[in-house]
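Let's start with one chain on its own, the form predicted on its own, as structure tokens.
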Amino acid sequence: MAQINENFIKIPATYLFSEIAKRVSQHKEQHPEASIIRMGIGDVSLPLPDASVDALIKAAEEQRSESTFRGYGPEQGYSFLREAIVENDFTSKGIHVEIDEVFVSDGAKSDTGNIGDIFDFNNRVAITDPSYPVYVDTNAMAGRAGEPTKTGEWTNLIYLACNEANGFVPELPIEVVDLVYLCYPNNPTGTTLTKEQLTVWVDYARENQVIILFDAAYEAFITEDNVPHSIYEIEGAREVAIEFRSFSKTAGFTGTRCGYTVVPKELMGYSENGDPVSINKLWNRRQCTKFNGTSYVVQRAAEATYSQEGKKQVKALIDFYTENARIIREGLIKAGYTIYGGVNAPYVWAKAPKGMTSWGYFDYLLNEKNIVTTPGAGFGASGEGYVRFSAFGSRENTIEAMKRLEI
């Protein structure tokens, strides 16, 4: 008899975005004439940069010829992309990262979920609340989360509330923890940490032998000077942090799939005997065993984003979505909403009208305004009473949505 992993049964059967899709589908069936504006899931609406498409085509053509054909590639990523990443994302900004500390993958979602493979079942995990559901669900699948409660929280996870009362800045945990997930600019709230605030976390991690799992998927949207683009801007962070990056939102690779993870060689975990073990070596071993590498053509497309034309085209994409965020932010304020985010991130976190739950407000916006958002409660208990607006739609739809909210 083949026994299954019981932890999968404990996880709620419906994933947040699947439930959203179901409700939108039902609404569409009941109102086929409705013009629905989707501002929920964070998928992009603009096409890939021309530089990336040209690189994709060129790389695909190479597969026709025996002399340029590529088979299995390095699991860590081709050197041409890793070198471009190091030079453009780190060295040019005065940040020290070495090529063999960069691991190319099919996206930050995969890596933030898979990273748990190299950590023991008994590690205590702290997660900001609200947070990206993948952090919670993948730890639940591994058994580290414990048991689900009636409130939707898990018994073994430590939740770091991010709300109006603390300015959406998580407080250091009182309990002993081993791993901490931080995502900044934050998904879903769109808020950020200053260098001083992030330094507090790095210092805490160094003092307590904690590893920070830092999701920087939205760093390209940062506009304010005192907001760090990388945790490695903070002194000592190489000793305690893993950083995840993505081409999905910066260059529109949501379907093309490419990202990377940085694991510094100074970063150590510990064996049962207390002996230090290189996390870089463990992640390399995991990737070599369970991942065959991102495709050659996709890596060439990612490399092209660092070309002179590619940089201009990526900036144009970021500027477009940043302007959408401004339109949403100002439109919601004009309509009387209390909002957060939308300055250094493509998400605006809006407080639901008094007396409405997150799902209640989601349903109201869908049924009365034909606008799809994401209910904050789907991101954790502290997200209750909020909805997330995404800036990744078209300009026309973004403006139209704000007009609908004025009525």
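As the structure is a computational prediction, the values presented were derived from the model and not from experiment. Sequential numbering from 1, following the sequence displayed.
This protein has a second form, the form predicted together with a small molecule, left out of what is shown; the following refers to that one.
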Would you mind picking out the stretch of 59 to 67, 365 to 373, 40 to 48, 352 to 360 that comes within 4.5 angstroms of the small molecule in the model of the complex, counting non-hydrogen atoms? 40 to 48
Does the trio Lys109, Asn187 and Tyr347 actually contact the small molecule in the model of the complex, every residue with a heavy atom within 4.5 Å? yes
Please tell me whether any heavy atom belonging to Tyr218 falls inside 4.5 Å of a heavy atom of the small molecule, as the geometry stands in the model of the complex. yes
Is Lys249 near the small molecule? Define near as a heavy atom within 4.5 Å, in the model of the complex. yes
So in the model of the complex, does any heavy atom of Trp154 sit within 4.5 Å of the small molecule? no
Interface membership of Tyr181, the small molecule in the model of the complex, 4.5 Å heavy atom rule: no
Pick from Phe253, Tyr260, Tyr132, Phe214: which residue has any heavy atom within 4.5 angstroms of the small molecule in the model of the complex? Tyr132
